[in-house]
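Presented as structure tokens, the chain that follows is alone, the form predicted alone.
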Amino acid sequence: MFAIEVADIKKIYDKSIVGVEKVSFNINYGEIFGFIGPNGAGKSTTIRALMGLVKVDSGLINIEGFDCFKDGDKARENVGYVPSELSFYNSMTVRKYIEFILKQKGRNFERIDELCTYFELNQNRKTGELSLGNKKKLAIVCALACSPKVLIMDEATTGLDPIIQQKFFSMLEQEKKKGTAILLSSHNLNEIQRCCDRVGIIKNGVLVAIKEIGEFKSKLLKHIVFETRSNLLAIHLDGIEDLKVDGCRYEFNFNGNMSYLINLLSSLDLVNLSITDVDLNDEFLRWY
């Protein structure tokens, strides 16, 4: 059984605005799944559907084997959620608010002190007095304090300073080792590549690709750009992908024998040469 199962969901808003269409993915326990796309691509619609805040027109959404709409309470019983947009009862202290959230889930308070200390969150401050960064820390603590089996996080690192971001990713690794399934939506492609096992790329409401992060590390793909003083008739070399030729300028990705590539380049009358690693940023931009 998957921790999260999304199968061919579709959501059309008023005036024929597409929220999501043909979105399917599964997330295993003990996996961090990244979810990327520009604003309006459908990330938040998908996440809100998982949380029961948006009802899809068709398709299947399950958490821990329970339908998110027919059995919403059971589906989200073991879910910790960090929304992209935060709202609190401003008159409550941080401590009282966390206790309030845990009471709704029937959980004890044993992790509150540990997590507030770890994320440097003052329990005596009122939530209405918190900065954006501290509000985001409060949302993260609330999600983790309920000891979830599934974590759903929408832009969780927005507003966090670099030190707290480092602590956040260390905590995610600890949760992953416990077997927690984690869905992490983000605009920061470096953090997705750093901590996720797989990534889904969504464009105009459609999930256009699911990639193993290990692909980027194992393929050792290089992006090659060079210019010569005269045109070449052709390049014949195993491992060349997406070749683009513009006069004397050549651009391609390379996943072949580097010795052969260096031999080729050394035989040319080069004007300019650039060799860089291909990473998730390049893959993302290729789709857009």
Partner chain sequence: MMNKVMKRRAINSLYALEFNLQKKSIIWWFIVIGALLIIEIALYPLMNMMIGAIPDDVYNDMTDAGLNFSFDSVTDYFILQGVEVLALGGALFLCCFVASCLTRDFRNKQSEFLYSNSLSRTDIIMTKYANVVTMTAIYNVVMLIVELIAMCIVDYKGIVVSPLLAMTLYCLILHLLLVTLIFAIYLFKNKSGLGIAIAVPLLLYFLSIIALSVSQNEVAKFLQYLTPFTPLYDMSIDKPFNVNFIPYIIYVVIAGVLIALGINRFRKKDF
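As the structure is a computational prediction, the values presented were derived from the model and not from experiment. Residue numbers count along the first chain shown, from 1.
A second form of this protein, the form predicted together with its partner chain, is not displayed here; the remarks below concern that form.
Would all three of 215, 225 and 257 be in contact with its partner chain in the predicted complex, where contact means some heavy atom lies within 4.5 Å? Per the other structure, none of 215, 225 and 257 touch its partner chain.
Using a 4.5 Å heavy atom cut-off, indicate which stretch of 168-176, 155-163, 111-119, 79-87 touches its partner chain in the predicted complex. Looking at the partner contacts, the answer comes out as 79-87.
Hey, in the predicted complex, does residue 27 get a heavy atom within 4.5 angstroms of its partner chain? Residue-level check for residue 27: no, no contact with its partner chain.
Considering non-hydrogen atoms and a 4.5 Å limit, does its partner chain approach residue 55 in the predicted complex? Although its partner chain is absent here, residue 55 would touch it in the predicted complex, with heavy atoms inside 4.5 Å.
Is residue 210 one of the residues lying within 4.5 Å of its partner chain in the predicted complex, judged by heavy atom distances? No, residue 210 stays farther than 4.5 Å from its partner chain in the predicted complex.
Is residue 206 close to its partner chain in the predicted complex, meaning a heavy atom pair under 4.5 Å apart or at it? Outside the cut-off, so no.
Among 187, 125, 194, 107, which has any heavy atom within 4.5 Å of its partner chain in the predicted complex? Of the listed residues, the single hit is 107.
Residue (of 201, 144, 101, 130) lying close to its partner chain in the predicted complex, criterion heavy atoms within 4.5 Å: Exactly one residue meets the criterion: 101.
Counting only non-hydrogen atoms and a 4.5 Å cut-off, give the residues of 64-80 close to its partner chain in the predicted complex. Those in contact are 69, 73, 74, 76, 77.
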